[in-house]
Each structure stands twice: as structure tokens, then as C-alpha cells.
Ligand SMILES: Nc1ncnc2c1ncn2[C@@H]1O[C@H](COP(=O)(O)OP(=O)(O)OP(=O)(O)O)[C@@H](O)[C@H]1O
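Quick setup: one chain, the form predicted alone, written in C-alpha cells, and binding and motion questions come after.
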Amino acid sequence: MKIAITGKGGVGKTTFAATLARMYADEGRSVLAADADPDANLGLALGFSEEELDEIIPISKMRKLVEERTGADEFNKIFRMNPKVDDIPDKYAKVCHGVKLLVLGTVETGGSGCVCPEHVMLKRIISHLMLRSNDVVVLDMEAGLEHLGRGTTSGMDEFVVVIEPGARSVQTYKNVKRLANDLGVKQVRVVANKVRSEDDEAYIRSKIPAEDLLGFIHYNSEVIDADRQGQSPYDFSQKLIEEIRSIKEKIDQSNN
């Protein structure tokens, strides 16, 4: 199963992505969690220590690797569009609680249309991850979908947008659904996080089509406590696990 999770910063998508990955790993599945968010926090949410994460260099920042695989350097501006990447997940992923973490990073560019060796590498890696038939792949992404292209999304089973009960967050869902549709992804669904009341639930239901709504994750101080202590929320909150498990069951049912 291949699941891409997106949403604006601060909505809780990384908490959701990490908890989902830990659940699949606890089932004995082979799980690869890829962090493609510029504010890379997936490792902490999975349970890595800050010291362990300090030793991980995002693929996009591995200049020598990018040059080696694409043939591009400061003197050669022509580069390969199909660099070899099939060995990268197993070579550079780090394991925690049964989940393999691959930190992809992002590319700072002036526009989404920019094509550079780093972009080519990231897109090729993501495309390769979609082909890893024996893995559950959980992709933690930024909201803009800059890493994606038609070839990248061809193997994706589920696009999940994590939102909060607010107009700006709902607009993010609409934008992602439009962009995903342009890429040929038909199934884009929503998880509503930080829900505080029945009014919040009613607001979400009024804005999100029922067939797109996977479920609710309610405001949870235990998640905040886990973050303050640099721990995985999966190890702190049974309530969080129960709510995400019900969401996971819907994902599993639709992809079986």
C-alpha cells in the first residue's frame, strides 16, 4: 500500500503519518516512511532521538550523491533525467520501531516549474517507492505537491489531506484535490485533526463530502506532551491510537 499524506504545517499530518506507519509495522508489515516535508519532523514522531536525527542528511542535501547519480556538477549543467535510485531506500533508510525512515528533504527553488538535479532525484526516488511491492510506503509531504508528477503518482493508493476545523485548512484540501486530479489521482480523502467539539465536527461535515471524510482526531493534550518530551505520540496516547486505528481500517478496506 502506498499512502501520501499532506497538509499545511502545524495541522498534525506528521503525527498522523508516524502513527499510521507504526501501526503497520506492529502488524509485521515492512514499512518505509519517507519524509518529503521541508520541516522534517517525521523521525521524532516515529521515536528517533534528536541525536540520531542529527546524523541523518536528507537525500536532497547529499551533493556528491546527486552529482554521481545525475552526472551534474558545477561544470556540467546537462544531467540524466533517470538516475539510478533503486538502491537508495535500503542504503540510506534508518530503522526505528520497525519503521524504515528515509529523509528526502526538499529543494529551495524560485518556482515549481524549476527542473534541477535534486528535483529529478527526489521524483525518481518517490516513483521508485511506489513500485516497492513488498512495502507499505507512507509519504509525509508538504502541501504544495511540488515533488509529484504524473509518473510519480501512478502507483499511489491513497492521498490523505490532514486538516483542522477552519476555512483555510478546508481550502488546502480543495487545492490538493485539484492538483491531485491534474496528476491523475482520483482518491483524495480527509482526516480532520484537533477537533474540539461537536460544532467542529459539524463544520467539517458541512465542508467535506461524506465519501472523502476518513474520520476525526480530537484535540489531545497527550500529543502535545509527547512533542515536548521529544517522544513518539504513539507511545503516549491510547486515545490517539484508537482514533487513528479506525481511520486506518477505512483506508485498508478501500484498498483491499
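Because the structure is predicted, anything quoted here is derived from the model rather than measured. Residue indices: 1-based, along the sequence shown.
Separately, the form predicted together with the named molecule exists; it is not shown, and the next lines address it.
**Q** Only one of 24 to 32, 214 to 222, 198 to 206, 53 to 61 has heavy atoms within 4.5 Å of the named molecule in the predicted bound form; I'd like to know which.
**A** Looking at the other structure, the answer is 214 to 222.
**Q** Would K194 show up as a contact with the named molecule in the predicted bound form if we use heavy atoms at 4.5 Å?
**A** Yes, contact at 4.5 Å.
**Q** Looking at the partner-bound form in the predicted bound form, is T19 within 4.5 Å of the named molecule by any heavy atom?
**A** Because no heavy atom of T19 falls inside 4.5 Å of the named molecule in the predicted bound form, the answer is no.
**Q** With a cut-off of 4.5 Å between heavy atoms, is T15 one of the residues that contacts the named molecule in the predicted bound form?
**A** Judged by the heavy-atom cut-off of 4.5 Å, T15 is in contact with the named molecule in the predicted bound form.
**Q** Counting only heavy atoms and a 4.5 Å cut-off, does the named molecule in the predicted bound form sit next to every one of V11, D37 and D227?
**A** The answer is yes; V11, D37 and D227 each reach the named molecule.
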